Ligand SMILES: Nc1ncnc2c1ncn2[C@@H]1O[C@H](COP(=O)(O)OP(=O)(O)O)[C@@H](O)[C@H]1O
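Shown here is one chain on its own, the form predicted on its own, set out as structure tokens.
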Amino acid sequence: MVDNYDESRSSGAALAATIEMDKDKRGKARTVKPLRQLWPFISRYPFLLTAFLIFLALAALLNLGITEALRVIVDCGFGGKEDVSESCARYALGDIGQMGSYFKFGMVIGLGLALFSALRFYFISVLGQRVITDIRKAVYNKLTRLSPEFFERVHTGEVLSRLTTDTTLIETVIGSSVSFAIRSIAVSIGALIWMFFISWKLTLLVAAIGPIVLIPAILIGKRIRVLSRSSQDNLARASGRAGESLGAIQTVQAFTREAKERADFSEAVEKTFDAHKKRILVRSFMTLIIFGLGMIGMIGVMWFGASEVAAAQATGGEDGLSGGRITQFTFLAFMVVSSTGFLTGTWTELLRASGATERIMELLAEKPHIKAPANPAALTNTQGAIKFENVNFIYPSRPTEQTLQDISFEIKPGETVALVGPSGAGKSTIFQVLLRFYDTQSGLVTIDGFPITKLSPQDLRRQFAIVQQNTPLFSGSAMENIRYGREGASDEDVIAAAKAAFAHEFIEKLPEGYLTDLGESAVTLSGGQRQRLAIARAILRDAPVLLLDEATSALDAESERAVQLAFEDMSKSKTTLVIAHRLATVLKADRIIVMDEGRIVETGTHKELVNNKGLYARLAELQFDAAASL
């Protein structure tokens, strides 16, 4: 049993860190038009969308209203009773001559803003999570329906990146960025209109200051993103190398390479530090530019406004400005500048989310090559008769290499047939075609006389139980992994299958027996233990046809003998097709089919093939002579 399994390797924190590093590396679209393809997912929830828009409008209105509350507090709250004007009186919550009456008005506006902002956030966040959940389910549902041919064209890592990183990018945009962007646009437009009515002169001054602040911010922001990418790349390389060396720590120590690994990691993280330091320096400079120019500009505008008020008061004129108006104007201007600055960053996020949407929609638009016919035939009481007639096959990813050439053979119900031959002869491809993971270019494959293309893929595959050479298992318990063969099987059936596969004894010794969590891909088990679980899974499935692809390759001699007896017992009532490199495992097969370079070159029993002095005889001589010399 492997005793150095580290659960953190598959932890949520590690996945989140990976997603975060991948987000900035994902390509951006040129426009935000692909985001329109999200509308079918969003429009399913009109209540959430309508509630969000209502509270967004109310929050934006009160966001502007808070500046009016500030004006009222300054102009009305600090005056005496004799200074109270009619315009002030309508805002007082209580005695119009009391300062607190105007502060209460401001508190009410602030409370309303907080309430509507919270409701806006709630509804858009729930909508975003609901939409992204639907997208993830739609993508995964599509992926499980796609043919293996798709996974030859697109790497699994890229598919998982679309399912995680790309959906996370979309989630960020729907759940927050779009909300803030719409609010920022609404507040900016409203604030500009209000500012213009307060003082068109001051509004023009603010408009002149905006580009002075925003242009440097945009230019420096691009530089920051480049440096962020560099630091993330360095960190990814350092983390990747550390993961490799720690995962193979015994090899590192056996070759006394600890010092070299430490030096390489140290160099990588120092480069990461240097990149981070450059990014911090540039960001600090940007902060200086934005805050420096912004604050100087805003104070300059206030100075100009105050001078206008003072000049009007000195000459006895009235231009409509007051201390409260100037305070209100300043806050409105700050809203415009800050909202505009936010929009520049949001635009980049929207483009990145647009690119993510394109990649997600590409997946959803994929069509499986293997489809069920319009009116599929129904298999009942399957006997397990299999027939290949003049089958030719070429893998789509290797169009110049013909894997199967004019393959014809027939297997009777209950017969055990072995496929042997050199690596690359086409043995495993027989299984791929039989399970209809791929369709042949020509020829006919039937089960019980039904062409497999006339059956639904699901109905066809229910007729098979398979034990594969690479023993794929899943995270979860031993009980769950065995029950994967037949959903709904009782615990007693699972235990009986484990006993038949000679897995019961080692499972019982696990810390929690059948309920022990085996870790990701059952990494806590040895190769032989994993293979016995896979065999138990196939036994539990109890399908009419049993497919064994080097099923005992990871077993010791004693376990292999025991499992062979189990298979022999199963094979009495099932059609069995066996792929084997070790010829000793197929000596009792009813028939042996010998393949080479995609063709069937010999067929017969072990004794007949040995007497033929062909390819099988040469393979048998090499293996059995080698075994005898040990």
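Just so you know, these numbers come straight off a predicted model, no measurement behind them. One rule holds for the numbers: they count along the sequence shown, beginning at 1.
Omitted here: the form predicted together with the named molecule. The next part is about that form.
- Residue-level contacts in the model of the complex: of E362, E410, E152, D274, one residue has a heavy atom within 4.5 Å of the named molecule, and it is E152.
- Proximity to the named molecule in the model of the complex, defined as a heavy atom within 4.5 Å, holds among T165, Q328, T429, S339 only for T429.
- Within this chain, K260 is remote from the site of the named molecule in the model of the complex, having no heavy atom within 4.5 Å.
- In the model of the complex, the named molecule sits within 4.5 Å of a heavy atom of Y395.
- For the chain shown alone, T203 is not a contact residue for the named molecule in the model of the complex, no non-hydrogen atom being within 4.5 angstroms.
- Although the partner is absent here, E401 lies within 4.5 Å of the named molecule in the model of the complex, judged by heavy atoms.
- Residues placing heavy atoms within 4.5 Å of the named molecule in the model of the complex fall in a single listed stretch, namely 418-426, out of 295-303, 494-502, 418-426, 261-269.
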